[in-house]
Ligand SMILES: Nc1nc2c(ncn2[C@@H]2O[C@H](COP(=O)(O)OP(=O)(O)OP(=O)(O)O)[C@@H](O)[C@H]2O)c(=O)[nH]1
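The chain below stands alone and is given as C-alpha cells, in the form predicted alone.
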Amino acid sequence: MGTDNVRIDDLSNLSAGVAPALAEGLWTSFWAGDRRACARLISKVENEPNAIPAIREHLAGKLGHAIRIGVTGPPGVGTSTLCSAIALGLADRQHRVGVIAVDPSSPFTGGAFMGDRVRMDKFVGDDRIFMRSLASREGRGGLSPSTPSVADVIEAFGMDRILIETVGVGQAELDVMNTADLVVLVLQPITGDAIQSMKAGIIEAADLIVVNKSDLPGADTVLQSLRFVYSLGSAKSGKAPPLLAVSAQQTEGIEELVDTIEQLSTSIVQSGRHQELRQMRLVEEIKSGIVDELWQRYLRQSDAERVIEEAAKQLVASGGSAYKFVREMCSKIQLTVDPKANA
C-alpha cells in the first residue's frame, strides 16, 4: 500500500461532495415553523447519516439555549406516562417542549413498535409540544445513535426544553448522561431490592430520582433504600440528588416534580454548568468528527478496505496482533496539521 498524504489545512473541504444537497424549500419551511418540515428533517437525520454534517452546520447558530432532560429507568417503570405529564407541566409554565422517545428495535427485523406514540397521544394538536419517536437501531446505551442530532433539530425549531426518554435500561447504559443536561432516573416500588445492584451504574448519574407508581405498596421502602445508598456517597455531584415520590397515572406529585426540574434547570444555567456540558459534548463531537472525516478521506484515496480484509485473513491463519497491523498501517499515513488553518 502506497503512502497517503492527509492534510488538515482546510476543514471546509472535509465534507465536500459527501453530504447530499438539501432542498432550500425545506429549510424555508423549517425556519417558518412548519412542523412537517421539522419531521422531514428529523427523518433525514435518522435515515441519511451522511446528511448530518450539512444539517448541523445549518442549525449551529440556533443551538445552546435549550435544557435537555434525560428520563431513564428500568423497563416497566412508566417513563412514557411520566414524560407525558412532565411535558404538559413544562408547557403550562410557558415552555416549548420537545419530546424524543426511543423505542427498542427488533434484533430480527430492525423495526420498532412505536409504543410511545400511543402512550403520548395527549400531545396531538398541542402546538406547545413536538414529539418524535425513534427506533434504537444499533444503539446499545438506551438511545438511538441519531438522538443528539435529532435533539439539535428540535432545539433549532424553537423548543427550549427537550425531554429524552430512553429505552428501558439497566445499570450500565449511560448514553443519556452524555446527551442530557439533567438525568431523571425513574424507579418503582418493586425495584427496592435491585437498588444495591444499580449502585455502580445509572444511579450514580442521576440528578433527580423519581419513584413512580407511589400509590403502590413499597414506595417508602424504595425511598429508604435510596437514602441509604446515597449516604454511602453514590452521587456524581458528591451529594444526594432530590428524591421524589409520584404517581404519573394518578397525576400525584407531578407539580412538585416539574418545579424541581425547573429549579435544577435554573441552577445549571446560573452556575455555568449548562455551557460546560455543551462544551464537553462539542469536544466529543469534534473528536469523533475528525476520526470519521479522515477515515472517509482515507477510504477515497486508497484500497484500505481490501488491505484490512487481507490482513484479517492473515491474522486468522497465522496469528499476530491486530494492533501491530494498525501501527504499521498508520505509519504509512503522513498527517500534516497546518497551525494557521484556524487562525
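Quick caveat, the model's predicted, so the values are computed rather than measured. Just count from 1 along the sequence shown to find any residue number.
Below, we turn to the form predicted in complex with the ligand, even though it does not appear here.
- The listed set Asp160, Glu256, Glu262, Asp215 contains one residue whose heavy atoms approach the ligand in the model of the complex to within 4.5 Å, identified as Asp215.
- Exactly one listed residue, out of Ser136, Ser80, Ser133, Ser149, brings a non-hydrogen atom to within 4.5 Å of the ligand in the model of the complex: Ser80.
- Figure note: of the listed segments 123-131, 219-227, 266-274, 160-168, the one touching the ligand in the model of the complex, with heavy atoms no more than 4.5 Å away, is 160-168.
- For the chain shown alone, Leu208 is not a contact residue for the ligand in the model of the complex, no non-hydrogen atom being within 4.5 angstroms.
- A residue is said to contact a partner when one of its heavy atoms sits within 4.5 Å of a partner heavy atom; Gln249 meets this definition for the ligand in the model of the complex.
- If you take 57-78 and check each residue for a heavy atom within 4.5 Å of the ligand in the model of the complex, you get Pro74, Pro75, Gly76, Val77, Gly78, in sequence order.
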